[in-house]
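Presented as structure tokens, the chain that follows is alone, the form predicted alone.
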Amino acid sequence: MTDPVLMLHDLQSWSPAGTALAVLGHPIGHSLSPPMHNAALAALARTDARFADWKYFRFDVPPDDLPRALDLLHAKGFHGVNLTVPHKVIAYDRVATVDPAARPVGAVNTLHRTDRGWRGFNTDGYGLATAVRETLGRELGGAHVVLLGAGGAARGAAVECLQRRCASLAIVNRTRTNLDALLGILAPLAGGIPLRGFALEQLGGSAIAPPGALVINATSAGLRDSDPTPVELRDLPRPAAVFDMIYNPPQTALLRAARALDVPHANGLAMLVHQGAKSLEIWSGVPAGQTAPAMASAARAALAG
């Protein structure tokens, strides 16, 4: 196995030379980040010797072990770290500093080593906006957005939509409690942008959003083939496009419904790629647009394999 899943005890005895990067999650075996980043680093090394000794690793770290892991990674000289489920929110209060753009999100997915400790960033919003532009030819700025979900992924997407000055933002969620909590967090960021929330039973009619809105799924509904759609598209005014953050499986029930209605649609693979490329830009200084193609090819190959 060329890309093993490492554990905390492997980190405690860490000795490899070179510039080390890592992704932490629990579980982590499914992550496409190592093949993506290592493909991009290999491509960079072919023309720039500075990257010849850069390598990206994966560590399975349970939530209770995250503080110890972050301390060890810093002590062992790791240059950068990605965080995935369930660590993005947990790490937010455990880093030395947080980039101002990440503060409204309340989560970090990218850490950059400084002498004082880790500096936290969140590249998911950049990944979303870039993927929507690349796959659907649309911008978040100026768009009427219908966002499905009220969890952590939805919060990051909502913040990005508001920061890019969407025309309006309607959030649809199954339960009212989580929805109201998210609306309370977002209200200070809206700055005059119409911001509304709807429970599932309230759907139907043009009060939610005008025709031609962009629908974004930030729920986990669709991860299993048996999952129903998070919302019936026919209950919404006809959207201009549908973007599902889920990339595996590549065709969720929501995307199949969009296809049946002949609505442009895309899954979240491009979002994964572009957030990863932005992380590498933070660590290396190489523009994200330069490494994204190599990451995309590696991600597609890993999924096919």
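What you see is a predicted model, and the numbers here were worked out from it, not measured in a lab. In case it trips you up, residue 1 is the first one in the sequence shown, and so on.
In what follows, reference is made to the form predicted in complex with a small molecule, a form of this protein that is not presented.
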| query | finding |
| --- | --- |
| The small molecule contact at A221 in the model of the complex, heavy atom, 4.5 Å | yes |
| Contact label in the model of the complex: A209 to the small molecule, heavy atom within 4.5 Å | no |
| Heavy atom of G191 within 4.5 Å of the small molecule in the model of the complex | no |
| Distance check, N178 to the small molecule in the model of the complex, heavy atom within 4.5 Å | yes |
| All of G25, P63 and T110 with a heavy atom within 4.5 Å of the small molecule in the model of the complex | no |
| Stretch in contact, per heavy atom within 4.5 angstroms of the small molecule in the model of the complex, of 93 to 101, 145 to 153, 70 to 78, 160 to 168 | 145 to 153 |
